[in-house]
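Just one chain follows, in the form predicted on its own, and it is written as structure tokens.
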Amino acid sequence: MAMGRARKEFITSERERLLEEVPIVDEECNRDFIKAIIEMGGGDVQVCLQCGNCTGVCPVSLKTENKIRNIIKMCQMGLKEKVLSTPWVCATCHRCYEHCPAGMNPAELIVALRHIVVRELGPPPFVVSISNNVANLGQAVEISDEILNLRKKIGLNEKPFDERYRSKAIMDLKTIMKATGYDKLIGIDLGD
């Protein structure tokens, strides 16, 4: 039976994609990367057995090219620049931790990587924007006029919060951000 053209092209392109090899040289391996991950609370990546359970139960693994198992392997090898420049997505649901036979928590690894990225490369613009909104509005996203009008139209209070408590909550948020140094880390000005 002759192989159809579409099937042959699919197999050929998959083989090319799978067989693409990128050599790793010693200069790319940062021996201090594992220590930095541990210092940021990411745990010891060396305990990972590479069994793949984490990737198997990850709800976002089918949606992302970079699976958590591969990210862990790159961390084990000290490929810091590659890891920090790789887009990784994590729902921090901790299912990976529940299924890890070595007791590693890959979700905490991702949180540690986020900390390292912010400290070494700066916060992503959306984090700065959301932080400014939280500090000034008390919420991550500003409520649009359209939503406020819709709330009024269906008989709800125009605003979903009580202004008397909101001002105090915003002051408390700013105090926490200043006390923890979050404002300086993210680069937002909270005033005096």
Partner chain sequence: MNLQTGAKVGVFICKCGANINSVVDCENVKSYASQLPGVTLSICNDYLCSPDGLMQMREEIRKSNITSVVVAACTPRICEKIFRDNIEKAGLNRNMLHVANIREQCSWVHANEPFKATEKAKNLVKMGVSRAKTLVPAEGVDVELKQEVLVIGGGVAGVEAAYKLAELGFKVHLVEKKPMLGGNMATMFTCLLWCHEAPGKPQSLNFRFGTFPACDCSGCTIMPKLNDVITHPNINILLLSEVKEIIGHVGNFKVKVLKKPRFVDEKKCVGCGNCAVVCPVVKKNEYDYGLSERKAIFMPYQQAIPRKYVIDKEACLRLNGQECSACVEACEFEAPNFEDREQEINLEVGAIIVATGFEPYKPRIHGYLGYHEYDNVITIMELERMLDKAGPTGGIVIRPSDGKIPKKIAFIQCVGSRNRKINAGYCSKVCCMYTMKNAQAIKEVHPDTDITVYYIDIRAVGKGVEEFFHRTREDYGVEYTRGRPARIIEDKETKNLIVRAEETLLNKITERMYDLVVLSVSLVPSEGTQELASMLRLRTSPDGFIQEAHTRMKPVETSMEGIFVCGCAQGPKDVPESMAQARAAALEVAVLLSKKVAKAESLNAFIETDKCIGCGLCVDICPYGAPTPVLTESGVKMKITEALCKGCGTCVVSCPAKAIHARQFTDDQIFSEIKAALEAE
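Positions refer to the first chain, counted from 1. The structure displayed is predicted, hence computed values, not measured ones.
The same protein also has a form predicted together with its partner chain, omitted here; what follows describes it.
- Although the partner is absent here, P160 lies well away from its partner chain in the predicted bound form, with no heavy atom inside 4.5 Å.
- In the predicted bound form, its partner chain lies within 4.5 Å of some heavy atom of N70.
- The shortest heavy atom separation between V57 and its partner chain in the predicted bound form is within 4.5 Å.
- When its partner chain is considered in the predicted bound form, W88 lies well away from it, no heavy atom lying within 4.5 Å.
- The candidate stretches are 126 to 134, 162 to 170, 47 to 55, 146 to 154, and the one lying within 4.5 Å of its partner chain in the predicted bound form by heavy atoms is 47 to 55.
- Of the candidates C93, V111, V118, A102, A102 is the one whose heavy atoms come within 4.5 Å of its partner chain in the predicted bound form; the others do not.
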